[in-house]
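Starting off, we have a lone chain in the form predicted alone, written out as structure tokens.
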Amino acid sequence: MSSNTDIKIFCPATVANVNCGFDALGFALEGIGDEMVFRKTKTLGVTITKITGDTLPMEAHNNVAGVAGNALLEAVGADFGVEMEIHKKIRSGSGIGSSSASAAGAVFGINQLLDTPVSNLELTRLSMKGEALASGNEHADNVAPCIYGGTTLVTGYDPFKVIALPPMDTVYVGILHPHIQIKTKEAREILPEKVPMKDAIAHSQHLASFVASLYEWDKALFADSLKDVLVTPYRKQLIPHFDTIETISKKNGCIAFGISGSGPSMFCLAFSKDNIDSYLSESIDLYKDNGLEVDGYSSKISSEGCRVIE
């Protein structure tokens, strides 16, 4: 591609874990995401020239986008460098993939500048290098759907494998984001190192049921599979009024409710946008009545991941 033209991309927000798929499942959201701009330079490595929308490190080695971008440049032995602008629209620490959008966006954008682009699987693997800076470990449940779009399943890390799952075109998503911050590292530290065998079995059954439901599009099985016995029971204490919000989701006809990533955002799924809208309205009122700032978003699951925009 031309080295004289700026490449501008959109990087979608994502929901990870999806209750039954801790560190394995994720899906991309429509209309919520960051923008990034890339241009080739003669100076090797990544140089971050501008960040808007958040206060983040400008030094590449301290920024998830810089770490991921440099990992790609080194992997391909690039004889050029890249200047990068990051325009944050996803609030840091929100739980809908802010760091993942930066890391995935960095490798996707730089890939547009390569004469021989690398695969989505390799981009996902390299973007995990940036995720590790944010969370303390390499995991792909956010970066995979950010790059692939749709819903993705990480089936293993050694060897690394990602599967694009069948689309959920008739599913609507509600995102509720109370304005508190939960760091991914802290949310991981609260989890037990060992779990009861019955919970491990139940978790694997739910994940298997979820995957099967998508290939058969069995709505009843889909709704029944979206349960979490491993993570939510521990992390929900970090989110004010979690149990009450879950009750509101059920009252408004939603089929699933859970923590997006490590929180504090919560996701809700329904087969009707009206269900999502009524859930969001009542939930937002509850938070505001309790003096807490909150944002609500209604979305579909995006079939596209990172993409070049004008």
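The model shown is predicted, which means the values in this text are computed figures rather than measured ones. Numbering starts at 1 and runs along the sequence shown.
There is another form of the same protein, the form predicted together with L-homoserine; it is not shown, and what comes next is about it.
Undergrad: Which residue, N70, S249, N63, S262, has a heavy atom that falls within 4.5 Å of L-homoserine in the model of the complex?
TA: When L-homoserine is considered in the model of the complex, the option within 4.5 Å is S262.
Undergrad: If the cut-off is 4.5 angstroms on heavy atoms, which of these, K219, R188, K161, H87, is the one near L-homoserine in the model of the complex?
TA: Only one option qualifies, and that one is R188.
Undergrad: Classify N19 as contacting or not contacting L-homoserine in the model of the complex by the rule of any non-hydrogen atom within 4.5 angstroms, answering yes or no.
TA: Looking in the model of the complex, residue contacts with L-homoserine do not include N19, since no heavy atom lies within 4.5 Å.
Undergrad: Do H139 and L-homoserine come within 4.5 Å of each other in the model of the complex, heavy atoms counted?
TA: H139: contacts L-homoserine in the model of the complex.
Undergrad: Would you classify D228 as touching L-homoserine in the model of the complex, given a 4.5 Å non-hydrogen atom cut-off?
TA: D228 lies outside the contact set for L-homoserine.
Undergrad: Indicate whether R235 is a 4.5 Å heavy atom neighbour of L-homoserine in the model of the complex.
TA: Residue-level check for R235: yes, a contact with L-homoserine.
Undergrad: Given that the partner is absent here, state which listed stretch (20 to 28, 5 to 13, 283 to 291, 296 to 304) has heavy atoms within 4.5 Å of L-homoserine in the model of the complex.
TA: The contacting stretch is 20 to 28.
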